[in-house]
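This document opens with one chain alone, in structure tokens, the form predicted on its own.
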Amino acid sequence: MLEAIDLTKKYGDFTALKSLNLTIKEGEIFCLLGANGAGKSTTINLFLNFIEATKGSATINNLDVAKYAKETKELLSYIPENLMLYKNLSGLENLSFFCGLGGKTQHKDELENLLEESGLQVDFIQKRVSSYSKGMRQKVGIALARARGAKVLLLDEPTSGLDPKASNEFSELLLDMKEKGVATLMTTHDLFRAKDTGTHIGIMKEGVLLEKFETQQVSFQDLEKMYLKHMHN
């Protein structure tokens, strides 16, 4: 569903991402670990076609995102670190508005069900988003992904600033999407969450993907050692 082929991004002499090769299939959750400036967000932004690759390509469902911007955007949902929702609208109104933008009109009951399935407490569905915690806003993001029938999820630090309970709830939602065959690329600083939720993990540093492996191949202790070794070298 997602593929990076020799994907490179330079800003003048600075290389933000160097020759990334990556494949993510349906029902896989690929967690990209690394410090700030490692190239994680650059990778997400290239898949979103927010920025242009210097070299190589990013494809979604075998379509080059630069050549098929509209078609590839229709396949994905993006949840950034701080999801932009209209604060003076309710979760339900936000969901209805964003679905409408994508050309999908759904009945109020359907949208309420999607919000409930995404873990939003029933008594908050009609409340203004200004009263929501970050975890609640992320749940609206997942509900939107469900409503749009997204085949691909791109997540940039979605659990940063969440308390352990909210972080755990978010992981449960991702695993539910995984069961439905959604391909997920997630950047995170949270090693525990990556090990707990991801099917695959990659460690990035200074624009280079240094390691990638299946999560079940390593223990949490080994992952931590490997990560710290790369960060300190």
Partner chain sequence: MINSILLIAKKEIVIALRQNLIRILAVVIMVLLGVALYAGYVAYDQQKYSINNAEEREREEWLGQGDKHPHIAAHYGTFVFKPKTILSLFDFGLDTFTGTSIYLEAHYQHESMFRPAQDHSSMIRFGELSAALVLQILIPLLLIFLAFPAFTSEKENGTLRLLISQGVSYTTIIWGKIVAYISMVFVILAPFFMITIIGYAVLENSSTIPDTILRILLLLAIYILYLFIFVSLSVWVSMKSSTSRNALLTLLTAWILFTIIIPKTTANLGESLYPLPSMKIYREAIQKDITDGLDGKSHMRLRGKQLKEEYLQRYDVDSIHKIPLNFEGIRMQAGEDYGNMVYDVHWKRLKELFNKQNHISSLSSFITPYLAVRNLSMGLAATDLYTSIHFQKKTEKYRRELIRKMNMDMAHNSRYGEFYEYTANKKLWETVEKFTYQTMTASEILSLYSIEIISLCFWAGLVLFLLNYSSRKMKPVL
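Positions refer to the first chain, counted from 1. Worth saying up front: this structure is predicted, and the values here are computed from it rather than measured.
Beyond what is shown, the protein has a form predicted together with the partner chain; the following relates to that form.
Among heavy atoms of residue 149, none comes within 4.5 Å of the partner chain in the model of the complex. In the model of the complex, the partner chain lies farther than 4.5 Å from every heavy atom of residue 124.
Put simply, residue 166 is far from the partner chain in the model of the complex: not one heavy atom of it is within 4.5 Å. Contact check for residue 83: a heavy atom falls within 4.5 Å of the partner chain in the model of the complex. With the partner removed from view, the residue among 57, 199, 61, 45 that has a non-hydrogen atom within 4.5 Å of the partner chain in the model of the complex turns out to be 45.
Taking a 4.5 Å heavy atom cutoff to the partner chain in the model of the complex, the contacting residues in 126-149 are 128, 144, 148.
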